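As structure tokens, one chain now follows by itself in the form predicted alone.
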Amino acid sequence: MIKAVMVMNTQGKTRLAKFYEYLPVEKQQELIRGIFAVLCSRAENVSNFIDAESIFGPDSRLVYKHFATLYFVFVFDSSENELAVLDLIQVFVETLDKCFQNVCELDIVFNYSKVHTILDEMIFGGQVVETSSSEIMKAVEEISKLEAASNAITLIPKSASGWRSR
């Protein structure tokens, strides 16, 4: 099971944090600080797999990938395969690239809800539900169309004169 997904920059600012198990906000912030401390102390030429038992408790592993100024971090338990999770990070980044044409930190900051939509199409309740970037993009485009259509529907007339003509 996926326990958490985080995206943070190289200064330690969290750009996305989603926990699939309930934790108080203070504990989440403590865990994020602990993860960043571990990531920034690691050399570039070491493995992307970390035993996270000291941070997240027993049976926890962490996989991360560093792209430009962002760390993409997935925390999971032993029921998930480490290489599959690393591939899942790659699918997440590829989907973000397709969605934002070469994703950058500002895309994540200013399109927060779309990033969460993409993540929700991939992982639901800590379980991986989709690993195909093209299928995820189809679902996100469909959701965007539905949102645009619902924004076009007006239930209340734009002016008071609309009420008089009824």
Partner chain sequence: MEQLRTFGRELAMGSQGGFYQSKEFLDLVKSIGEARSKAEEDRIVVNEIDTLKRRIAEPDIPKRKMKEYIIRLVYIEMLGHDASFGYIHAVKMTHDDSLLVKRTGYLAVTLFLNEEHDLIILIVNTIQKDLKSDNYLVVCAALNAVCKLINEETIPAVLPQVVELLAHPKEAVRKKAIMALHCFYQKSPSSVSHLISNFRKRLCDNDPGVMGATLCPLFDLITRDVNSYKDLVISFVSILKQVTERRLSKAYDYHQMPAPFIQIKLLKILALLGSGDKQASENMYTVVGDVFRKCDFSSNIGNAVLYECICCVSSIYPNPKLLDSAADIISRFLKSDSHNLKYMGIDALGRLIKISPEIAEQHQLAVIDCLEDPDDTLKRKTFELLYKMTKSTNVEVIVDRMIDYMISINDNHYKTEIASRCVELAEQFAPSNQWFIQAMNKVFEHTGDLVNIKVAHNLMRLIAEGFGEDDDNADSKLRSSAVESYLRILGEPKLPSGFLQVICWVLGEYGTADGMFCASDITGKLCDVAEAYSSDDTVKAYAVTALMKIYAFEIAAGREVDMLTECQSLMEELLASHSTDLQQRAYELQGVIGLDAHAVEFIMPSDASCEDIEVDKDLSFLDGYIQEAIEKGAQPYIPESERPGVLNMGNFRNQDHHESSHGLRFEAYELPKPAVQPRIPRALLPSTEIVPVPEPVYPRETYQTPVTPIPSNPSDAGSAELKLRLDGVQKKWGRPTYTPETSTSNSTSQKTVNGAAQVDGPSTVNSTRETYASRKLQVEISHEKQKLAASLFGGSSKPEKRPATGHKVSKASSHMLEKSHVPNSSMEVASEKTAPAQTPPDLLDLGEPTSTSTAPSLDPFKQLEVLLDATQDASAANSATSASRSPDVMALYADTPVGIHNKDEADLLSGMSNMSGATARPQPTKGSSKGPNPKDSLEKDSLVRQMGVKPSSQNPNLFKDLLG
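Numbering follows the first chain given and starts at 1. Keep in mind that what you see is a predicted model, and the values were worked out from it rather than measured.
As for the form predicted together with its partner chain, it is not shown, yet the points below apply to it.
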| item | value |
| --- | --- |
| Proximity of residue 129 to its partner chain in the model of the complex, heavy atoms at 4.5 Å | yes |
| Residue 46, heavy atom within 4.5 angstroms of its partner chain in the model of the complex | yes |
| Partner contact for residue 39 in the model of the complex: its partner chain, 4.5 angstroms, heavy atom | no |
| In the model of the complex: members of 78-94 within 4.5 Å of its partner chain, any heavy atom | 78, 79, 80, 81, 82, 83, 84, 86, 87, 88, 90, 91, 94 |
